[in-house]
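What follows is a single chain, given as structure tokens, in the form predicted alone.
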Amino acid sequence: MGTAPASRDVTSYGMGLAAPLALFFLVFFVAPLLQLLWLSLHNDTAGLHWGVGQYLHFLTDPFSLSVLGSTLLLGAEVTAVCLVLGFPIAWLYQRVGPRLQTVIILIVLLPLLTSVVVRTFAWIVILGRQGIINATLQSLGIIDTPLKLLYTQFGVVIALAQVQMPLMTLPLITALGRIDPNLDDASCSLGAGSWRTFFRIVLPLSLPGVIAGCTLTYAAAITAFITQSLIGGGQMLFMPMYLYQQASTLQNWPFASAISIIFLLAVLAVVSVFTTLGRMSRGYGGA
């Protein structure tokens, strides 16, 4: 009988603490999102005619759909590169001493300690025709003329992979750290090789970290406006720059708002897929 009032007091206290955060979320996220939705339902830039014409324009325009597809594909490529490079780093972190762990975690966190603009301009220097890569390859006699690395899909993927690598590696380090080391020894003692142990034990138990890293990396990669714009240049167009052009250059706010809503829904759809896979992986790993 006496626990009910106490529970209500605890609930009221918790709601009171959450109220400022809820208000902040309402003012700076929900309200702008509703305004975007309201703007996107205007068929003209003057805001005189209501309708879903902007959405129909985007969904029936091959160019707009190609920009959306290129952006989603870019996120998949960056995520794949980060996973392939990040998993060995996380695996190595769990198998070295404390001193080397400090060095590895410092290297992993280093991109987060540097401005994204500085990192992007550094990649422009590296990937340029007179950059480090081309200069090294020419000095070794591997190539005669500089390779075109800047303003290409390859350059954007590599730059974004380096920028987003911590978002993949840190969840993997956490997931691999939760695996009992005795499982590897037990697997080896039962006659399983290193690769079989990896695919039958390590990989299934690390799937939650893989899914979490893929979710964070994908969402960050497809919305990385600065890196996409500077490394891709004017020859490549992705959704963030497409939205910016419509809003700032052409002043077509209704269409820009529709692009924002469609892009948001596309990102939410991909994140939902990753979330579903994460729930399935927890059940698979637990089994």
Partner chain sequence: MNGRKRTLEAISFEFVMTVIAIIALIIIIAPSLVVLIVSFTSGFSLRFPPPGYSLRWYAELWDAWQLHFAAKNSLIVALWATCLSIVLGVAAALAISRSQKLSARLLDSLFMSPLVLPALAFGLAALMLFSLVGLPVSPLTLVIGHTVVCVPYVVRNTVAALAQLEPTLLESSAVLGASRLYTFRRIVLPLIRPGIIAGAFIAFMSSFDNVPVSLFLRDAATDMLPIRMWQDLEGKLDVTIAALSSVLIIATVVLVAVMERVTGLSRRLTN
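Note that the structure is predicted; figures quoted are calculated from it, not measured. Numbering follows the first chain given and starts at 1.
Below, we refer to the form predicted in complex with the partner chain, which is not included among the displayed structures.
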Contact residue in the model of the complex, chosen from 147, 89, 137, 72 - any heavy atom within 4.5 Å of the partner chain: 89
39, 107 and 230 all contacting the partner chain in the model of the complex, non-hydrogen atom within 4.5 Å: yes
Distance check, residue 55 to the partner chain in the model of the complex, heavy atom within 4.5 Å: no
4.5 angstroms heavy atom contact with the partner chain in the model of the complex for residue 59: no
Exercise: residue 264 in contact with the partner chain in the model of the complex, heavy atom 4.5 Å: yes
4.5 Å heavy atom contact, residue 153 to the partner chain in the model of the complex: no
Stretch 253-276 - residues with a heavy atom within 4.5 Å of the partner chain in the model of the complex: 253, 256, 257, 260, 263, 264, 267, 268, 271
